[in-house]
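Shown here is one chain on its own, the form predicted alone, set out as structure tokens.
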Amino acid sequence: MREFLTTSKIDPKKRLVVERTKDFNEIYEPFDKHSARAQSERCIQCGDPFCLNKCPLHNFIPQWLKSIAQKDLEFAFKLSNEPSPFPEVMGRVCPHDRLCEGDCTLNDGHGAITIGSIETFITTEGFKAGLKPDFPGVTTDKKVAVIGSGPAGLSVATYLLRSGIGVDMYEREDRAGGLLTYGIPNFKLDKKIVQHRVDLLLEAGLNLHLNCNIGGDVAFEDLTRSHDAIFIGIGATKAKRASLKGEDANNVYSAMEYLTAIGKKNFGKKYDKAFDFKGLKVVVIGGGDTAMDCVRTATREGASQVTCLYRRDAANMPGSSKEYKNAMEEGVEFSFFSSPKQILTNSKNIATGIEVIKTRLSSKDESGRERIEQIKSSEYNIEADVIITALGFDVEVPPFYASNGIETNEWGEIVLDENHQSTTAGIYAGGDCYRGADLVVSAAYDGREAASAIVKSLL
């Protein structure tokens, strides 16, 4: 260990732009054993590890780095899979530059350890070696209903099944995974990886009900009668609106509409052909990771020009810096300090462009972030054949909340106590329906902690 003085930081290799923009395969090449070990040996084994403390799951990062450095894959696999429901997913989609790697001590002059790539390596190689997380099978007569199969739902199911509690999972889509399946593009997360985790849970005793909408196909009250507890993990999929004139035009779409449609297309499923943007000028409004997912998807779909509008600058983009860099490499044009005023439409309610006004940053607000100020008489127009809004998401509030005493706050987020239990006993929740749109790792944490509370209440 502590080889940081002789070994430099290395990032995983990326496929060439001319190759990767022709398909939806993952762009990063996985670490081999040598690279994973060499990077792990750079760890200085801090007495107070910032990387572990910054991780929402509090993963045993220094410990599994040490295990890989010592060529003990089996122990690293166990360490990695204990606090995390799907490390090979987290290694791919977590914003490591803002979490574990961002707080690595070696950032001070040496470059952080490439933690995310090693995390991916451990479980991927562990699976290849025949290793599996431990599941005892359903050993109790207790049963929990899980509504939603996204990160929070898969996480709570993982830890309930590890405790021998039966799980019935209800998903309104045709495949499990939620955001992991239909929200994050394949070039960031191969769907075979998600399905493999689902298959492990099915093998462990999960009962999965697809194309099943709670409150429609199945009454929520039926679940309360047939289960010992309920976990709600329905996510946040309602697109925020920009309140722009013209945003109801026929060719203005929300990010999730677009990403879901292309996800279905890549699965060979039926999808709306209106989302075929080949040869079109596509403009995406927003600067987060979802916006980057949209612009990079449109590039792969053959759009003639892809432009991202963001009212601040690159340094203030809320998403991961590596996603912005990847989009830049792949030919996306960025128009910073640009705020849309209205969407221009023709007589058939078809958007033809966007009227934009230039902005600049001014004094800081109470949070410390610089305010946005519009520059007078700086308007200009951008042509567009298609417009996608990627401005974030609000939570959906199903009618069964109110009828079952499940209280929400002013944003529609479920109110929970310290045990992730709602205002109705026996009903728990986590993920975006509780936090608002947030990180995959935060949803995974909620699922794990909710499972712990449920186990304590039932066993």
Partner chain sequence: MTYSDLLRSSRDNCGFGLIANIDNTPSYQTLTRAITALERMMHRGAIAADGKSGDGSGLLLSMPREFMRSVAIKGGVELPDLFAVATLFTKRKNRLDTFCDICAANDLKVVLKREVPIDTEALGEQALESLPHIYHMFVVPNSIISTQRFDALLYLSRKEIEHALFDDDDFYIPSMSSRMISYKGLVMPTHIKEFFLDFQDEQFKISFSLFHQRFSTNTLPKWKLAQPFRSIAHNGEINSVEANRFNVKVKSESIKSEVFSRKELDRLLPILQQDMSDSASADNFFEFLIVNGMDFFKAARAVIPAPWQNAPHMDPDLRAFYEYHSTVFEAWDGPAAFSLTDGRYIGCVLDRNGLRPSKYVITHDNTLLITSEYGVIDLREDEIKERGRLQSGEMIGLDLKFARVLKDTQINDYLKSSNPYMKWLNTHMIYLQEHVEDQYGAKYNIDQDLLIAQQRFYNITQEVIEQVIEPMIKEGKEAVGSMGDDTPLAAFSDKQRSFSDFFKQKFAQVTNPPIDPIREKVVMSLNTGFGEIHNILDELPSHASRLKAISPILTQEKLKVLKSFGDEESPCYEAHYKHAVFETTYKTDLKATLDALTTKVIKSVKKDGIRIVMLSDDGFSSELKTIPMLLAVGRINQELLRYNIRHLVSIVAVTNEVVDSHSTASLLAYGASAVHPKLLFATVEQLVESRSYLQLSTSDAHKSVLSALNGGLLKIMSKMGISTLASYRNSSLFDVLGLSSQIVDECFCDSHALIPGLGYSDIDKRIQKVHQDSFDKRGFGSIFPLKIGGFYKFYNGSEYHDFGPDIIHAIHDLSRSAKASDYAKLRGLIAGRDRKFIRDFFEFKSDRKSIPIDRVESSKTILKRFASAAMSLGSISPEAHECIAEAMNELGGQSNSGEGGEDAARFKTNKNSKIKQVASGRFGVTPAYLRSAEEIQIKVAQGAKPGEGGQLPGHKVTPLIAQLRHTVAGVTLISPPPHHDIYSIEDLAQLIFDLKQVNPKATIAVKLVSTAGVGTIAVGVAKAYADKIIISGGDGGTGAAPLTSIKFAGNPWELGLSEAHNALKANGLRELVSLQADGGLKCGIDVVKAALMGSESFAFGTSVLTIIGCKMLRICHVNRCSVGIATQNEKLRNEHYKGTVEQLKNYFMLLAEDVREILADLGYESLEQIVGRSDLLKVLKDERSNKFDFSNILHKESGVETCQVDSNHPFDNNSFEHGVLDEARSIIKKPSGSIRITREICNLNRSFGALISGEIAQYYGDKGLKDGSINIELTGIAGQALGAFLINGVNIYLNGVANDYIGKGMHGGKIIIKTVHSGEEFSGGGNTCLYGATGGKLYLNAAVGERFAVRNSGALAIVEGTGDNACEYMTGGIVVILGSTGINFGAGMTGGVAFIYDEEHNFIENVNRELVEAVRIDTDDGDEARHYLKRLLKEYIDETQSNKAEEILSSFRTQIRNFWLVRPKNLTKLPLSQEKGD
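Numbering follows the first chain given and starts at 1. Just so we're clear, the structure is a prediction, and the values are computed from it rather than from any experiment.
Form predicted in complex with its partner chain: not shown, discussed below.
Trainee: Does its partner chain, in the predicted bound form, lie within 4.5 angstroms of each residue among D72, E82 and Y159, using heavy atoms as the measure?
Mentor: Affirmative, all three are within 4.5 Å.
Trainee: Evaluate E418 for contact with its partner chain in the predicted bound form, applying a 4.5 angstroms cut-off between non-hydrogen atoms, and reply yes or no.
Mentor: E418: no contact with its partner chain in the predicted bound form.
Trainee: Is there a heavy atom of R20 no more than 4.5 Å from a heavy atom of its partner chain in the predicted bound form?
Mentor: No, R20 sits far enough from its partner chain in the predicted bound form that none of its heavy atoms falls within 4.5 Å.
Trainee: Taking 4.5 angstroms as the cut-off for heavy atoms, does H58 touch its partner chain in the predicted bound form?
Mentor: Result yes; H58 sits at the interface with its partner chain in the predicted bound form.
Trainee: Check whether L106 has any heavy atom within 4.5 Å of a heavy atom of its partner chain in the predicted bound form, and answer yes or no.
Mentor: Within the cut-off, so yes.
Trainee: Out of E379, D134, D141, E221, which one falls within 4.5 Å of its partner chain in the predicted bound form, going by heavy atoms?
Mentor: If I apply the 4.5 Å criterion carefully, the residue I get is D134.
Trainee: Which one of T408, S35, Q63, N404 is close to its partner chain in the predicted bound form, taking close to mean a heavy atom within 4.5 Å?
Mentor: None of the others qualify; the residue that does is Q63.
Trainee: Specify the contacting stretch among 141 to 149, 343 to 351, 98 to 106, 239 to 247, defined as having any heavy atom within 4.5 Å of its partner chain in the predicted bound form.
Mentor: This holds for exactly one stretch, 98 to 106.
Trainee: What residues in 435 to 458 sit within 4.5 Å of its partner chain in the predicted bound form, counting heavy atoms only?
Mentor: R448, A451, S452, V455, K456, in sequence order.
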